[in-house]
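In what follows, one protein chain appears twice in different forms, each by itself as structure tokens: structure 1 and structure 2.
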Structure 1
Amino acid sequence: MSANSRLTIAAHALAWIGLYQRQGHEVATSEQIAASASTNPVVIRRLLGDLRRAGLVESRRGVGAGWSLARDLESMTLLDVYEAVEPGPLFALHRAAPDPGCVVGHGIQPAMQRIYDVIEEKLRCELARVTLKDVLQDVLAVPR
């Protein structure tokens, strides 16, 4: 299994757009953001579409097309981004019901669901504490 990087790439895109706008630019292109993230512009456009639906970015078509922040970085949290790009639960149970006649099969889903619920609530609380402004400040503080 590989880890999901959608939250990281979305945070990267938002921080990049925020910095780019601070430098006096109105909009950023998906190609520019993709170059920074070393990924395909299609990946960026899909994520930005999710972020637009969540009200975090806006897009402009035609001449001067591109993406801009819909809100200040100070008012966006990592939880906002997480909810925009990761709509499902953090962990999943078996796709098929385990054998209810087995003692483990009977109790595994309720036991694991309780654990997952606690972990997800802690994750949400931590993500809600961190703004995208905080992320950009941390990014800019990393020595080059």
Structure 2
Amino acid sequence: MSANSRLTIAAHALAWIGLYQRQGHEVATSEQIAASASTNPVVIRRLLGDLRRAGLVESRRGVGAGWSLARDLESMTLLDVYEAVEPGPLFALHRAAPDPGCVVGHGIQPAMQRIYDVIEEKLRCELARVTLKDVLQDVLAVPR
């Protein structure tokens, strides 16, 4: 499906900031997070920018700048992250409108859309079950 890693990296960043703050630090820099996630700081800044617009993190500028959580990890779910970071739908309909003169062409889009709506709702339910605190807990529980 040409899956992307945006949800993974965003969760990684939030867990990283949460753990870092738990260790007594005020803010985390995009460079630190990027090093942990093996990616580029700009990628992190873009993703965290989306999360800031969604009210999940805050950023400070100037010297000693960086990112901090806007809410407790316990109050954030993967659904919040997903919505902040993945705009589009899971499945697409036809690129070009199907033939409206054909019975199937006429009815297929409403029919499939209804199915896709149900499926996306289920997906959201599952994502909403998992808080970022759960994620961090799972991360820390992995044996080394």
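Bear in mind the structure is a predicted one, so any value in this text is a computation, not a measurement. For numbering, take structure 1's sequence and count from 1. Heads up, when I say rigid core I mean the largest set of C-alphas that superpose within 1.5 Å between the two forms.
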| item | value |
| --- | --- |
| Of structures 1 and 2, the one that is the form predicted together with the DNA | 2 |
| Yes/no, Ala65 Cα shift of 2 Å or more between the two structures with rigid core fixed | no |
| Per-residue C-alpha deviation between the two structures [Pro100; rigid core superposition; Å] | 5.3 |
